[in-house]
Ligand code: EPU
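A single chain, nothing else alongside it, follows as structure tokens in the form predicted alone.
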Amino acid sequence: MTLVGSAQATSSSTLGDVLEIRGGRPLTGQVDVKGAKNLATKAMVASLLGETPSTLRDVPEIRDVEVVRSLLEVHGVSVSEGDEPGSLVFDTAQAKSANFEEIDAHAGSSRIPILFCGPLLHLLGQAFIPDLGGCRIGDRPIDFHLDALRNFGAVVDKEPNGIRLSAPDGLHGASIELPYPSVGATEQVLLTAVRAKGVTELRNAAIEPEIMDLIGVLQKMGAIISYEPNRVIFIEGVDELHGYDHRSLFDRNEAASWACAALATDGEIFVKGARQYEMLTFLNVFRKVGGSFDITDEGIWFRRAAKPLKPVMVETDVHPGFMTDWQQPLIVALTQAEGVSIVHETVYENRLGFTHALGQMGADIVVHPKGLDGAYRRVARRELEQAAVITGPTPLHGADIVVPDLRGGYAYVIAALAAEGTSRVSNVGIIRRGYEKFFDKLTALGADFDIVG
């Protein structure tokens, strides 16, 4: 590795967009995971609801956090370092409206601005969101969000450069049933309902651990939220909320990614901060594939037990099912399993596109764009689903590949590290959206790479 020290890796990761990776070396060592991207950014938005400052701890140093921090500051929120490393303090005393140019400049490709709507409507009576970006893994429509906001009494006006919302009569409780247990739409309802007048009943809600942690944040602020079996959440609106002090749930997506890296490269990785409870479903699949793990109070050791790995059938689903964010790095490992594996993607309609590049690296993967039927199926079929059939083991070799999205990009890097020869991976800046100190962690695990662009 010709990178000089971790400081250079960190600073270069801001600008570096191309990695030259020399593969064939097991990843071995320790990585630390901090707060979950899917909780930290939403808890930051929740700070807008508090009349006193909020403190969030274990905040990951990732691009999405930088985007939300900038958006908060554009709206007049003071953001400062807290009393320990990795903590941020949010003071909303000077919160104000922001114009389109400011919001658009700081939002970039993030879809987070949609979640500002409820808190800003309560705080300022209006909100504006530009056209939204995000990873190219399907349409990811915001209709669920807008329909929910209309149910609360918001007026939605579509403009050429975005969407403007207002609440001339304030927001009131609503009875909402989501057509699909969308994480983002559930977060939208929670962030809006806690200050709406009356009671909100949300049916078919998402119940991911990050949702439960967000509920914990809001309860600390003074919200009254209860949940029942069968995905039903009740929120009793309150007149005011105060700030919170909260330590983020660990990032189970990052933990699972490093676990799959240990499988794919035949290495051994200790993921400090990972916990068993939130990863039960993943750990079951990891064991079936031929992985081994040891759980400690500090984290989880991941390694390969079976050589070659064993084929599996996986269906992605909402929690407590197998997360869609886990399938990309797992597919890389499955290219080294002996036999035929099938991964059914039922959450996003275009999340198997990344497998094309794996095919260029030697993998035998066939994508069925309309999915596959089978008596073994347990997750209800959806019109948008796809299926990947992976036949292995197949040796992987180096190639020139371009990162398409966050999780697919991570999968490409791990594939390059598992492959023989040299790979050139472009557009790796996307990976910084969700993986803290990514280059430093690769270095600590013994990866052989250069930042060349």
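Position 1 is the first residue in the sequence shown; the rest follow in order. Everything numeric in this text was worked out from a predicted model, so none of it was measured.
Not on display, but discussed next: the form predicted together with the ligand.
Quiz item: If you check I112, L165, V89, V74 against the ligand in the model of the complex, which one has a heavy atom within 4.5 Å?
Solution: Selected option: I112.
Quiz item: Just one of Q386, S423, S54, N38 has a heavy atom within 4.5 angstroms of the ligand in the model of the complex, so which one?
Solution: Only one option qualifies, and that one is N38.
Quiz item: Is Y180 one of the residues lying within 4.5 Å of the ligand in the model of the complex, judged by heavy atom distances?
Solution: Y180 belongs to the contact set for the ligand.
Exercise. Using the partner position in the model of the complex, report whether H145 sits within 4.5 Å of the ligand, counting heavy atoms only.
Key: So H145 counts as contacting the ligand.
Quiz prompt | Heavy atom of T324 within 4.5 Å of the ligand in the model of the complex | solution = Judged by the heavy-atom cut-off of 4.5 Å, T324 is in contact with the ligand in the model of the complex.
Self-check item: Exercise: L406 in contact with the ligand in the model of the complex, heavy atom 4.5 Å
Solution: Yes - in the model of the complex, heavy atoms of L406 and the ligand come within 4.5 Å of each other.
Quiz prompt | Interface stretch in the model of the complex with the ligand - options 423-431, 386-394, 44-52, 406-414, non-hydrogen atom within 4.5 Å | solution = Checking each option against the 4.5 Å cut-off leaves 406-414.
Quiz item: Listed by sequence position, which residues of 351-372 have a non-hydrogen atom within 4.5 angstroms of the ligand in the model of the complex?
Solution: Contacting residue: only R351.
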